[in-house]
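The chain that follows stands alone, in the form predicted alone, written as structure tokens.
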């Protein structure tokens, strides 16, 4: 799931007196701190709902990875078909990365837009679960497509709420907390869905499509929870607008596709590095559970745990590494270090039988470091009025690469096995050195 540039249109300090706020609210009694939108306790409550807004989306995104063995066996799929579930999530976001911010700003507004995108996530997960229940793989693919329409745009809405409610120094902490909650959702999914499947199998009587569909339907409860958070946030934001006389939040993104012709060569190199790196992370996690079972003789529970360590490490490491990169600068050097560490991790997994916790922990740190160092580089290469277009194009290319490589990875695994697949991922990482050398020159 993609990282976003911090927006600049921050919520201004409320200058009104308590009496004016009481008058605006139509209540002569003084408001308590937890009810006053300008006070920290109330904003802390908003932050809780803000953080949980994307929990369901991140929890359900990797449902296929958490249930890889069950999905393949219960539906009688090969790996190439299985990886289509990730490809179908990415396809709509090849286009929507350009228009998500526009829809939030100009069509729906942040409040209605957030609710609509949350509904897409909910409906998509329900369709996905229904497809598994009735053993209709095309319906599962449709569900992932609908889920993808809401997932990435919901992340844009979440960041917009953060910018609208928090100021300056608070904003870095808020973005870090939101990222940590997202990774928590992915981690909980990886470690609990296998247990949920086993419990449902006991109730149903045997494994199979019905058990798989019921398990995925239970996972949809997290999306429903996020929808409730969207509704509560909409209410609280509307109330704050009435009391503080503030405008509804906007993404600040300006998408102008004609700006693409003005992008410098260095920016295109960043785009290529972004794709080449992430295609060696997310498709591997999507296929990792069976890899750890087959090569290292892990139990399913152990395999799910080690497969989730990338997300576990990313939760606390991203804010810390972001602070380090901000203080030291030299983003290209940090990106180079992340690429080297990622290559080392994949080579350990491919060519050694060392405890995979070592390689996966290294992968978690390097993944967090690259996200902190690579994405801010875009802001150094284009003027501010082109940032929306640049980030939209970067996310679009990333999703296109993830869709294509997900299908390629499944086909390689079916025909050649995990060793060749790991060599393929290593080759993707090695190609980044060529582009990084150009970045260093320029």
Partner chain sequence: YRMLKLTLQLNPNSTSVPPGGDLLHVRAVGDNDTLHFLWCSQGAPTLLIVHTNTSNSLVQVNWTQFLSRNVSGGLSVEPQSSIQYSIAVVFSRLLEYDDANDTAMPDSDFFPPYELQNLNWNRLELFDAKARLCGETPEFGNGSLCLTLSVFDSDGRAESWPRLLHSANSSQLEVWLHGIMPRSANSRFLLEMQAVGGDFPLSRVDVRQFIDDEFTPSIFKVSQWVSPVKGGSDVSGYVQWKPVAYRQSNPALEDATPCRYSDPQTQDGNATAASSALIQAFFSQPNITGLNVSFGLAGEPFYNSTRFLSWTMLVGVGAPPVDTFSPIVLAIMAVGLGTPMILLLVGGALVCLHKRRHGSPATYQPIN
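Numbering follows the first chain given and starts at 1. Just so we're clear, the structure is a prediction, and the values are computed from it rather than from any experiment.
Below, we turn to the form predicted in complex with the partner chain, even though it does not appear here.
Listed residues 232, 272, 196, 350 were compared with the partner chain in the predicted bound form; 350 is the one with a heavy atom within 4.5 Å. Heavy atoms within 4.5 Å of the partner chain in the predicted bound form are found in one stretch of 112 to 120, 360 to 368, 286 to 294, 272 to 280, which is 286 to 294.
Not one of 153, 165 and 402 comes within 4.5 Å of the partner chain in the predicted bound form, counting any heavy atom. The shortest heavy atom separation between residue 415 and the partner chain in the predicted bound form is within 4.5 Å. Mapping the unseen interface onto this chain, residue 79 counts among the residues with a heavy atom inside 4.5 Å of the partner chain in the predicted bound form. Using a 4.5 Å cutoff between non-hydrogen atoms, residue 72 counts as a contact of the partner chain in the predicted bound form. Residues 413, 414, 415, 416, 417, 418, 419, 420, 423, 426, 427, 430, 431 are the ones in 393 to 431 with at least one heavy atom within 4.5 Å of the partner chain in the predicted bound form, listed in sequence order.
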